[in-house]
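One chain comes next, on its own, written as structure tokens: the form predicted alone.
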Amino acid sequence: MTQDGDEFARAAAEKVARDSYGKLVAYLAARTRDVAAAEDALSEAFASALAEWPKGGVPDKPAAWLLTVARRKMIDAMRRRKSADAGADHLKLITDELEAANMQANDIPDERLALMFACAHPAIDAAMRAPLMLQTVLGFDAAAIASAFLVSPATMGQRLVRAKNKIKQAGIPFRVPERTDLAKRLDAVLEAIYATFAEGWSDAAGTEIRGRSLAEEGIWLGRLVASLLPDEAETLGLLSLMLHADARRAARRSADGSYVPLAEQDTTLWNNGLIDEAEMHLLAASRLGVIGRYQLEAAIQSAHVVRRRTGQADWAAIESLYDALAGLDDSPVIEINRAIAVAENRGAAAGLVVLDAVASDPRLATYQPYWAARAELLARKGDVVEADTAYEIAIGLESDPAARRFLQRRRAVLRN
């Protein structure tokens, strides 16, 4: 036993929750595929820890202590249920209890990646994969997740319950797919992680604790997957992409809160440590000989970083990278960004040709970045009337007050 005291016990519980929550849930749930029961049992174990640790001291192996208590809580709950399924699960956990009698904290198998693949299984609604990971791997409560994804806590709670029930009822396996199936399934895991990061990244001013937390947790998940699958190039590419983006957080708003576009950001405010880490992961990915979406997007961010040394982004490289990205995905969003790169490299008229090629896509009618890009390129080309109309639409579609004011200033300059 170690030091006593309420404060020390609570700090120890918080630390093990941060370090091991997902690991413990994954280990417990993998035996029965009952994620909800695993979470409930672990929650009870943490409650027991907060009651017992202040009096008896924090165990030398707190994660192993929690696992033992949680496993017994699950066994007790299954005894009370007395159903056929509960009986089978009960036997599994009893066997596991006997085998793990001497388990130490560092002996607990790390099945978080298997849990993440279960959360991202094709049978799970795509919109629920990121929220499910936030709750099962990171321990976020439904209210916090609901706030991030702009739904009511009750609705998010119901959806999470349904998703967990789906894992058990459909018999979704807790395992990392074989190499032949890994790429397709890994995409779903990485998309969910990126969605988590993007929710936090949308708080450009960095004023919302929830937003900063989600961006940080997305990076944390990215680091976890990269550490568990170090030979998968796209895991490294996604981590590099998120780090490059997060490195610019302090430069996205001016001192008075005004929006600052990437091309005008003060590069001295960029986080060099995060950039260096991002470049390291991107280089490691390039050596694996497989090119994917996240690596290309990270490489585009890397080409922007050149401005730290030369004063200008490498727009020729950025255009070429967007060409390659468009070859992997025909998304109009990619074409919008490619149009901007083309305009920087070969002039506004050439960029507008790219935009015109996707203008008929009905999804762009209410897509603000399309109208903002169109307004900017038309203004550069000197088409004042058309640019003014595009600015009007972009301003009407923009929800961020700071970005809206930025567009209004651009439109005012155009009119003068």
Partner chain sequence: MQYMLLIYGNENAYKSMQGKPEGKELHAAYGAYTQALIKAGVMKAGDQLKDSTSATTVRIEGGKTKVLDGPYAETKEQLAGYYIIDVADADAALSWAAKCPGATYGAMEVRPVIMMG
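This structure is a prediction, so every number in the text was calculated from the model and none was measured. Residue numbers count along the first chain shown, from 1.
One more form of this protein should be noted, the form predicted together with the partner chain, which is absent from this view; the next part is about it.
Remark: P261 does not count among the residues lining the partner chain in the predicted complex, judged by a heavy atom distance of 4.5 Å or less. For R31, no non-hydrogen atom is located within 4.5 Å of the partner chain in the predicted complex, even though that partner is not displayed. In the predicted complex, no heavy atom of I334 sits within 4.5 Å of the partner chain. Contact check for R308: no non-hydrogen atom falls within 4.5 Å of the partner chain in the predicted complex.
Checked against the partner chain in the predicted complex, the candidates A144, A77, I172, A247 yield a single residue with a heavy atom inside 4.5 Å, and that residue is I172.
Out of the listed residues R159, H121, R223, R252, H121 is the one that sits within 4.5 Å of the partner chain in the predicted complex by at least one heavy atom. Exactly one of the stretches 227-235, 280-288, 191-199, 121-129 approaches the partner chain in the predicted complex with heavy atoms within 4.5 Å, and it is 121-129.
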